[in-house]
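Take a look at this single chain in structure tokens; it is the form predicted alone.
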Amino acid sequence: MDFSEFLLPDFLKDNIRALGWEKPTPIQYLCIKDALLGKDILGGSPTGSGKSGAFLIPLIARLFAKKSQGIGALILEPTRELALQVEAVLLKLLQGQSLLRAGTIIGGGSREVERDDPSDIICATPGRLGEYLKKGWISTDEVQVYVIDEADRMLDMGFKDEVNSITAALKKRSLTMLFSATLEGRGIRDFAEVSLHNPVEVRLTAGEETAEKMPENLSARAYYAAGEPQKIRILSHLLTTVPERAIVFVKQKEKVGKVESALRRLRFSCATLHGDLSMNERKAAIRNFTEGNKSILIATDVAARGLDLPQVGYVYNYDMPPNAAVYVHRAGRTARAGQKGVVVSLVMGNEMEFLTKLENYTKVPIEKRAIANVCAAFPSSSKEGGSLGKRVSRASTGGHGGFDKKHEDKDKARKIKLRLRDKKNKGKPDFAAKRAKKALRKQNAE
């Protein structure tokens, strides 16, 4: 079926077509039809499945049909970036009508605007919204639709109490939707019990975190890096060879600036994204990347989940992720909506066993590659690389990647460095004889 078969306002149908959404994704079809009937939704959906449309379309349709004074809908997101992204989609879906307005209540935003002129549909982060409710700055008495998005991440970030407090304040809501990458775990079930009433449970996977799938058209590759300088050489070589839009993930915000500086010296122009940037700086970074002014985004894992950054051809793990689940989330920034994509990992010696765990977790083979004159093949040492492949040589950062290293003829006699003791004494010294001589000298001296 297509979106025209749902009972939606005409302006909303027009805006859906303008966004290029021809047919509802599975999560959208399963959620929209029940949410339009007023049934609470408990949704388990992997990244890139069209989840935002699954809750925004019925939210707008229900609120447009029965709008009351004040805030009509609240959407909770774990980060400012996700809240801004959902607001951007909302603004596109709301074009052509004047009844509903969209806005945010997030850290870094204007407290005066958020407090004095709240929108009809608000995308909020739990911390800032909780602050407003405690101070009585806004009223949520008329909220009809409530969405808790990325619930598992809310738990990971320690927002359980804030979310429960916000949920308790929304007493008149008639529709609640909760979405999570995984529906397993006591925390998610606690959220569901507190916020949902006889929900329709929608799962696109088996529901466990380990069931999360990599994008369908994704290829995975890895290169062995002997150190940080070689990581930069590999990365710059690949960015030059395949000049597609790319996200480069690093593990710490301090590393973002170092990698950006190194690439800037090599004439690459990059946008950066991490938690210490101001709201205007974050918006500018995302805008520059999405509009194509910058083709490379260097980011921490603040960009790993939820952000819909279009036409990303490559994801680079400059630093390996802390676990397999984050690897899946990073990889999900590419190969979206049926497009092809590649995830590339730069692997240090102490990280190579992790590749095997990633393959077991994702069920996607990782091709181990080498680049002549840039980096060597993966070592085969059991201490460093397990059984990932035969070690050819150490990478030579100034020569030919270690592939032209000369090896000595096996038939040549092995040179043995002799110790001084080996040259003068064969076997252990005779300490008893030494003691006897010493005693004799002492006796003669007396």
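None of these values were measured; they are calculated from a predicted model. The first residue of the shown sequence is 1; numbering continues from there.
Unshown form predicted together with adenosine monophosphate (AMP); subsequent notes refer to it.
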{"item": "4.5 Å heavy atom contact, residue 336 and adenosine monophosphate (AMP) in the model of the complex", "value": "yes"}
{"item": "Contact test in the model of the complex: residue 21 vs adenosine monophosphate (AMP), heavy atoms, 4.5 Å", "value": "yes"}
{"item": "Partner proximity in the model of the complex: residue 6 to adenosine monophosphate (AMP), non-hydrogen atom cutoff 4.5 Å", "value": "no"}
{"item": "Heavy atom of residue 308 within 4.5 Å of adenosine monophosphate (AMP) in the model of the complex", "value": "yes"}
